[in-house]
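Each of two forms of one protein chain follows alone as structure tokens, named structure 1 and structure 2.
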Structure 1
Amino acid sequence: MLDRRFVADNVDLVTNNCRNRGSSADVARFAELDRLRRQIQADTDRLNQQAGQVSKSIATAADNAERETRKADGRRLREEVSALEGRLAEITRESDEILRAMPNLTHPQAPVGGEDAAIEIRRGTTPLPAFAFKPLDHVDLGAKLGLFDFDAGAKVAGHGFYFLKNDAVLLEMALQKYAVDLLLGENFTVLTTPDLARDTILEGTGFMPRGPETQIYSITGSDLSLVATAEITLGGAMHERIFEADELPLKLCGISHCFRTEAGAHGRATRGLYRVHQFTKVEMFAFTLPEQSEAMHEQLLELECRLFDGLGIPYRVIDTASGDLGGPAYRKFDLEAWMPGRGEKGEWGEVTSTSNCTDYQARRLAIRFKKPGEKGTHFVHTLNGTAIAMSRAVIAILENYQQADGSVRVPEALVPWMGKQTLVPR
């Protein structure tokens, strides 16, 4: 959520931003409502003040007659207040609705436009693989190696669910250990998080449960939903928290399952593990002072790069264009790994993404900080980044490390956790 004051004072800027973001939020209408809101607020305050004075004077009234007159005054004033408050609530509700639908501001360097406008800003250290054979995709490789059971997944839970088997299980555990170890070395606090969260927490993080277009699974008869990412729980963990400035930045890393309905995504890249309803993810999350967030964003990106360079997977980094940013993001970098088995001759596929949400989530979640000796509070900045999303990482590993005989080499960095160098066909 943006600062209402800022929006009211910068209608043109915000309108323009909304246009770049593909949001149809009616900024002008908001500004008009907010003007009205302030005026009614001022009127209400004045009446309340009068009513309060009347109340106090009753306790010290000279006689009964005066007391009764005063009571009548008080009654009348309170009625007026209550009428104004009704209008105020109505106006606030409408303007809040518009405000909440507005996306965050956009980093000045982020490219403007749709998906195609994204800019490649970096490449990983690993070159694209050159195969002397036609590379398979992860589904075929998995079949040879006995790694997945999609049929059983579909039978048990429907299309988009799967069982990992044998070495795939070890691979997933190895990836988690690899990621967590690296982050522990970078002073992250590691957590496993709830896989469910209250709807209020989802909303605070910028996710919309229970709408017609929701990507969120909800639990009927409760206010709980399955989380789409640990970003929700890690951010939610600090709901209404007021930090001391010297506690920041705070870096968390959370392991959770992630559940996504992927509504409307059928038919497009749905083969295998690429787009699934459930996967496991190690997520990074940071709370920072405003002036620290850009550097932290770089740091999170750097860690993502280090993780995938360390795995020996080729990738490129994308500076996501304005129209493709989620609502809360001020700027977003995606890591796209090379997936040789995708499409006709290999394609880039998103494996991680890191966003600087500035104060957008913090405002809704009421996560603030105070500086010693200073009155008042300020909103922290929040950032998130994927360390490793298991399903996508497994695709990238299998497809890049495959060999002519159908076996798959284990990335050097994972050998200690896997206890083997190669996955061999069964």
Structure 2
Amino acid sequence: MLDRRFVADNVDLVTNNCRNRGSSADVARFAELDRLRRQIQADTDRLNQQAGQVSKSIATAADNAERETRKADGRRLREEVSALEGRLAEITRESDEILRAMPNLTHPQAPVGGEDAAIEIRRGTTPLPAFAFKPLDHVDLGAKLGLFDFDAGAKVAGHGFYFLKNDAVLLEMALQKYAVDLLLGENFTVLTTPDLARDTILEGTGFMPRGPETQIYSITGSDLSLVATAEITLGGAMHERIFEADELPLKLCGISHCFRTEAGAHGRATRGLYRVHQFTKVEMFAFTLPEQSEAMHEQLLELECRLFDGLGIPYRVIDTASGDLGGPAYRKFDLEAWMPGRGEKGEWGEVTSTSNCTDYQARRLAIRFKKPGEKGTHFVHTLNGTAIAMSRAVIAILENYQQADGSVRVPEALVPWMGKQTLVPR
């Protein structure tokens, strides 16, 4: 979340940022409540000091009558303090609720507007494919190749779940190994993460675990929810950690299942694997000093580009507009891969994203660092980036590498793990 004092001192700036981000957080109300909070806190401190002085003076009272008078004064002061503390708790609760609903500040170079205001920064090294035939989408290709069973997935868990079969299983495992090997070479610590996290950890990373608009699967009767991304567990792993400055940056790579309700999703984008309720992902996460985070953001983006250039997948890099940013993100870049089977002539589809969340998540999760020879601590910056989301990478590979006879070539980078160069119809 944002710094409380910063918001109170910069109401116009934060209000404008909320407007650009599509947030309805009432910044003016927060500022009013914060002013009241500080005043009541000052009054409480003053009365507590007076009560302390009265308490000490009881022993020096001249007689019993004066002693009883001072005791009565002490009781009155404590009652006033109790009333103020109750009011303070109400004000703090309301102001905290508003503060936690405010999105992060926005990078000055990020485009302002909704989804359509996003800017294409550049394209990958692989050109768009030129087919001498009408390309199929991944669902039809999967049927020919025996790769998926959507009907069985729906029987077992409902629409949006699926079984991977045969070569699709090998393809997902190959993609995981491909991504992990590259990240190990870049000094990431690799972990598998829990599929569940406490709601406090979800809230700390900026996710809304409960409520009508959530995309999170919650476990009834507990404070646990299924994670939508390993960003939640990787960030939460350092909850309340205090780093030494020379321990940063710390780069983690997490392999996890991801669960999303995708409430409200509809249309062609829900066909097949593109928007599903469960998928496997290799996620990058970094903890940095504040002055390191912009460079780390560029590094995470370059790693995503290397992964998809290495797979020979055409993509473009998008600078996400303010109104399309998630609450914690200061700036976000998306990779959109070319998916020839989508629409009449093919379409771009998001396959990865990377976000610099500055100190927004660290404030919620109390993740700090200290500098040698200095008193006190500072909040770290956190960043996340998708290395590979398996379901969408599989779509991009099948649709871009399909052949006229219905077979699909395996990207050269994955052949060592697949043990074959071509997927053939069954």
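Take the two forms, find the largest set of C-alpha atoms that superpose within 1.5 Å, and that set is the rigid core. The structure displayed is predicted, hence computed values, not measured ones. Throughout, residue numbering runs from 1 along the sequence of structure 1.
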| query | So which is the form predicted on its own here, 1 or 2? | reply | 2
| task | Work out from C-alpha fits how many degrees the smaller rigid part twists against the larger between structure 1 and structure 2, would you? | result | 17
| field | Angstrom shift of the Cα atom of S55 between structure 1 and structure 2 (superposition on rigid core) | value | 5.3
